[in-house]
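As structure tokens, one chain now follows by itself in the form predicted on its own.
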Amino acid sequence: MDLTPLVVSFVTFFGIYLILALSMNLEYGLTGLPNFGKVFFYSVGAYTSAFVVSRLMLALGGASLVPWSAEAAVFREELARSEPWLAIGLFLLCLVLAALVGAALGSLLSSPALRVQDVYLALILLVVAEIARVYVRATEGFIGGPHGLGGIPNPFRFIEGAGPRGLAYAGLVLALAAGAYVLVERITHSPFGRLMKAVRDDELAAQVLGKRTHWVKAQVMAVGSALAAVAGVLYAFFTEFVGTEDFDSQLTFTVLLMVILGGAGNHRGVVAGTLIMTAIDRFTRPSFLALLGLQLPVDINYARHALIGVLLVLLILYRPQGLAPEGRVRTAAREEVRHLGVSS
């Protein structure tokens, strides 16, 4: 039995979910911002990829086709196979554009939303995510409306064989997830990271000390939204298809559970929480069981939702701080004291 497709799927989704969870941990775990619109910024990356790739590849290839048609999808895949540097260049372009668009939208939405209480902020962002999904679904000229858009070529399309191509892409996603981890760690243990925690723990006290708390929140929203958009790009190029049904609000709460399970404010804990939730999410799907030759008499999707619900209840009752509670912030002075062997 060839387990390569299972390994590729698990590793790739783990990397994508980890980037989303780290961005959520910056916003919710460290700054106290309940971003229930996380799936919106995730979808921005996917929609940006679909729009840019579908138009640019047709223009560069000199084809006059409807971007979301089956013929256009086949044309893009063949062009990516024959022109590998074009596919790689478009992939990198989408990463940069999506990050910029995500950051801009995060800052823009934070301007009015951050002036309300946390519960209303969560509701506003949740509504924005759903409105965006319905709008894109109803607008055919964007990604084909309810039918979605296929033919978003994997940047490694030039590699022969689905297995090697998938493994190469999975390695790339893991590398980008590792980069995101390093980024959020550096932010967390910087002076700005300590300011984020101050805003979370007592915003009024931070304001009294002269800190511009709304500006801090806007910056955090920009960084978190940019990371989520990058995750959306990685998803689009992996599945090679973008449809609005992939971006419902359930994904936001799954990512939030990854943060709560691992330990809000602790990035290492979030890695563990993401690993557990990814295993539950991927290994309880009918497609996974079918690859193993198993066929259950019931819909396993309902069992997955029930399992996630039970896990959440158990967390609230017995481990509300998560698997790895938040630790102390590392500062240059504290590291120097530890280096000298003095008890801190």
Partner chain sequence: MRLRILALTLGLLLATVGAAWAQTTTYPIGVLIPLTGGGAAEGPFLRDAATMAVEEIHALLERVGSPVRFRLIIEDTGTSPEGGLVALESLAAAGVQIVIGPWSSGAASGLRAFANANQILVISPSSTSPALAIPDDFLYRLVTPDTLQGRAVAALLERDGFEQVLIFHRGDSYGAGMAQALKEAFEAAGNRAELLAYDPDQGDYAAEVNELARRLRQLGVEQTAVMLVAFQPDGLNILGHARLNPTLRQARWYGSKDAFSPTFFPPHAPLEIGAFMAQVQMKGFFPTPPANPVRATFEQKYRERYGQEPSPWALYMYDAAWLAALTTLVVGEYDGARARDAFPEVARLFLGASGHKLLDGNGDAAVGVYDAMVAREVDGTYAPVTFGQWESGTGTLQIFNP
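Residue numbers count along the first chain shown, from 1. In this text, the rigid core denotes the largest set of C-alpha atoms whose superposition between the two forms falls within 1.5 Å. Everything quoted here is computed from the prediction, not taken from an experiment.
What follows is about the form predicted in complex with its partner chain, which we do not show.
- With its partner chain omitted here, the record of contacts in the model of the complex names 160-168 of 95-103, 121-129, 160-168, 261-269, defined by a heavy atom within 4.5 Å.
- Within 4.5 Å of some heavy atom of its partner chain in the model of the complex lies at least one heavy atom of P146.
- Of the heavy atoms in T239, some are within 4.5 Å of its partner chain in the model of the complex.
- Looking at V134, you'd find a heavy atom of it within 4.5 angstroms of its partner chain in the model of the complex.
- When contacts are judged by a 4.5 Å heavy atom cut-off, A306 does not count as touching its partner chain in the model of the complex.
- Contact residues in stretch 259-287 (any heavy atom within 4.5 Å of its partner chain, taken in the model of the complex) are D281, R282, R285, P286, S287.
- The Cα shift for R285 between this form and the one not shown, taken after rigid core superposition, is 2 angstroms or larger.
- Relative to the superposed core, R304 undergoes a Cα shift of 2 Å or more between this form and the one not shown.
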